[in-house]
Structures are given as C-alpha cells and as structure tokens.
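So this first bit is one chain, no partners, the form predicted on its own, shown in structure tokens.
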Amino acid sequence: MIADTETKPSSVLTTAPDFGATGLPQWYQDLQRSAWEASSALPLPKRTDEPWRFADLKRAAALEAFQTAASLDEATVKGLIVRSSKLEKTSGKFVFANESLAYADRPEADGLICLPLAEAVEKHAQLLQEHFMTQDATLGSEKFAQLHKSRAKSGLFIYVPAGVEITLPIEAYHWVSGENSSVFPHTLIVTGENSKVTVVDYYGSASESEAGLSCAVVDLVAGRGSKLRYVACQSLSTTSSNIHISSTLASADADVKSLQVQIGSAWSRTESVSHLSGKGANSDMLSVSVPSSKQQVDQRTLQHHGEAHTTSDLLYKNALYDQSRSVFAGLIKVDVGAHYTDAYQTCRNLLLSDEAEANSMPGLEINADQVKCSHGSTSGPITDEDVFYFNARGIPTETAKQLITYGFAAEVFGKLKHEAIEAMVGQLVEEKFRQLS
C-alpha cells in the first residue's frame, strides 16, 4: 500500500504564520505573535452570543477553509493594475495583489506620510505603535480582529500633519486571487489639527469564479478640527467572504464621514464603531448594500458619545433582492456626563422579493441628561403607487423599480458631498443592476 503523502492546505484560522519570514521589525513580529495567541485562545462565535444574534454561524465556521494567498504571476498582476481605475483624478493610488504591493503612485504634500503598511512599520514605528489597532473590537469579532493583527502586512498608513489639506482622494485597491485565498489589508489614517483628507479603499476579486476571504481592519484617528472622509467599496466575488472592522476616534471639533458600500461576497460581516471623544466632534456613519441571490450582509454598529456636545448620524440602507438577507444591530451609547449629545440612527430595508429577509435591532443606552437621541428601522417593498407614477409617464415597471431603488441608495452616498466618489459608487450600483437584469 502506498502511503497518502498529500498534505492538507494549512488554514489561516488554525495555522500560525511564519512571523520571521515577513522580514518585518521585531517589535511588529512580537505584536503579531501576541495577537495570534489571543486569536487562537478565542472560540468561534456561538448561537448564544448576543453580538451574533441572527448571524449565519456556519459562514463564520467555514472561514477555516481559507489559506495564505500565493504570489501572483506578472500577467495577473498587470491585469489587476489595469482594472484599478475607479476614480479619474486622485492624489495617490496604491494597488495590492494578494497582499503584495503591485503599484504605487505616492501623493506629495508637506509633512504628509502615505506609505504601504510594511514600509511604515519600518520607518515610523512610534506612530504605528501609538495608533495601530489600539481600540478593542467590541461588537463580536474580536477573534477575527486578532487574526487580522497577527497577519496584517499590506495596506496603507496615512498621516496628515496639522493644517495640511489633501484635495483629491487617495485610493487603494486590495485584490484577492486564487481559490480559497485570503488577504488581511489594513488602513490606518491619522489626521492632525485642522487637516483634511479623503481615502477610498476598494476590495475586489481577481476572478468571479473564485472564493476568497478579505479580513480588513480600518483605524480612523481624527485630530482636533480635522475633516476625514473614508469610503470602503466591497465588490468581492459572490462566493467570497468579507469581514470589515472599523474604528473611528474623533477628537474635539473633528468631522468624520465614513461610507460602506456592499455589492459582492456571499457573506459580509461589517463592524463599525465611532468614539466621539471631544466637544464638537461629529461622526456620520453611512452604508449602502445591494445583496441578491443568497447573499448575506451582517452589520453591527456603535455610536459611542464619551463627551458632552457631540453629534453622530447613522444612515444604513439595504436593497434586498431574491433570497438575500440582512442583519443590522446598532447602539447609540451616551456616557455619564456626555450632556447635549445629538445622535440619530436609521436603518431602512427595501425588500424587492417576497423571499428577502431583513432583521434590524436598533438600540439606545442613555446615561446623561439633555440629550437628543432617536433610532428607527423600516422594512417594506416598493409600493404600487410609486411604480404607477413611472408607468404613467411611459416607463416600464422593471425600469421603474430600478430607478426607485437607485434613488433609495443614492440618498446615502449623496451625503458625502463629493461628486467624483458619488459617481463611482453610483456606477457600482448600476453595474449590480445590470447583473440582475
């Protein structure tokens, strides 16, 4: 009998990375080893875990199938660079393919630091140690956040010094290629006092037929009086899995607007936390999702008001086709002493099929006086009256439904007040409509 020498591919969930092989500094290797130990010690989510209520736990358990992404051949990389062209004008553009830097057009401004993560941990260790994943993942995915920390080597570090304004967006593409390949992109943005920057991350699959995993973490640290705009566009293959964990820390008078766009992946789990830590801080949390077939979008949010005179506004919209499913669980938390908080939370679900399902769980936790907080959720189909309005003007029913759905979604990305990005997001939504036609 011939022994079976075939080895089972190693799982990123259960097999430790080769920390020494990365060539990254020792302090970062030590951080990653510690994170791996923490991730390994934490269990996978269970049915009794409140942060995973209504979630598809089979999807989370299935992440064990994903492996470390392999290096790509030159032709594949060149093809992905060509496809990395969503915005016509940018201050800078970076393309990562299976976690390797494939292209870099670096922005220039006085004092600006904009580097791939692997380069930043070498050259700016102090800044990284001060800001890299300093906020705990509190909405259920601590295991996956620690897994990310243990493997993160690609992505961007951006530091905008006080008073500097970057007028055009900085753009980054994160491509995953190969069946069951996984990537762990990280974005860390730190803005100094009265600075301004806009950053767009795009997560995509090289092939629609390949299942991949993107496990991304984003840290947004907005300094006093700064304006930070962040957009995450997820358009992975419809057999892929996506985890996106973001944390915003807004100082006094800072204004942060963040937008999530969910188009692809079979299962997508997003967790977004905004910490309002200084008087006058504001955070707008926005999301548009257009799932179809049996896609699942799982969204968890926290608006945490830690100081008085802070504001936040959340608007999440899901347009659900076929047998798709959405989960939204959001909390506005107002700490003791955080008086005069002004916070809103709205989740709206447009059901475009009798088989689509939306679960929404908004909540409030108020521990201060003289606050203005509200939350709400709605779910329902397009009304006959809305369709009749278009039919009476000669527009066919299916076209009318697409126009209504586009308008439903456009309210969200229109809040960015950025014409080029609004057009880009609109194009992604229209492309999804064409796939459904």
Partner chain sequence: MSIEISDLKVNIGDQPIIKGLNLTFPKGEVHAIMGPNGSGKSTLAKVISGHEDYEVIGGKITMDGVDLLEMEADERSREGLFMAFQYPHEIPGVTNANFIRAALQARLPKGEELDAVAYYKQLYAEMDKLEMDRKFTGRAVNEGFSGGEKKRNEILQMAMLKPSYAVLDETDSGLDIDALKVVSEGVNRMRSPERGFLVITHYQRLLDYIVPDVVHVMKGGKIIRSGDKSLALELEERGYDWVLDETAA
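Positions refer to the first chain, counted from 1. Keep in mind that what you see is a predicted model, and the values were worked out from it rather than measured.
What follows is about the form predicted together with the partner chain, which we do not show.
Peer 1: Within 4.5 Å, heavy atoms only: does Gly394 come near the partner chain in the predicted complex?
Peer 2: Within the cut-off, so yes.
Peer 1: Can Tyr389 be called a contact residue for the partner chain in the predicted complex at 4.5 Å between heavy atoms?
Peer 2: Tyr389: yes, in contact with the partner chain in the predicted complex.
Peer 1: Consider Ala410 of the chain shown here, and say whether it contacts the partner chain in the predicted complex, taking contact as heavy atoms within 4.5 Å.
Peer 2: Ala410: contacts the partner chain in the predicted complex.
Peer 1: Would Glu385 count as touching the partner chain in the predicted complex under a 4.5 Å heavy atom rule?
Peer 2: Heavy-atom contact with the partner chain at 4.5 Å: present for Glu385.
Peer 1: Just to confirm the contact call: exactly one of 50 to 58, 28 to 36, 396 to 404, 373 to 381 touches the partner chain in the predicted complex at a 4.5 Å heavy atom cutoff, so which is it?
Peer 2: Result of the contact check: 396 to 404.
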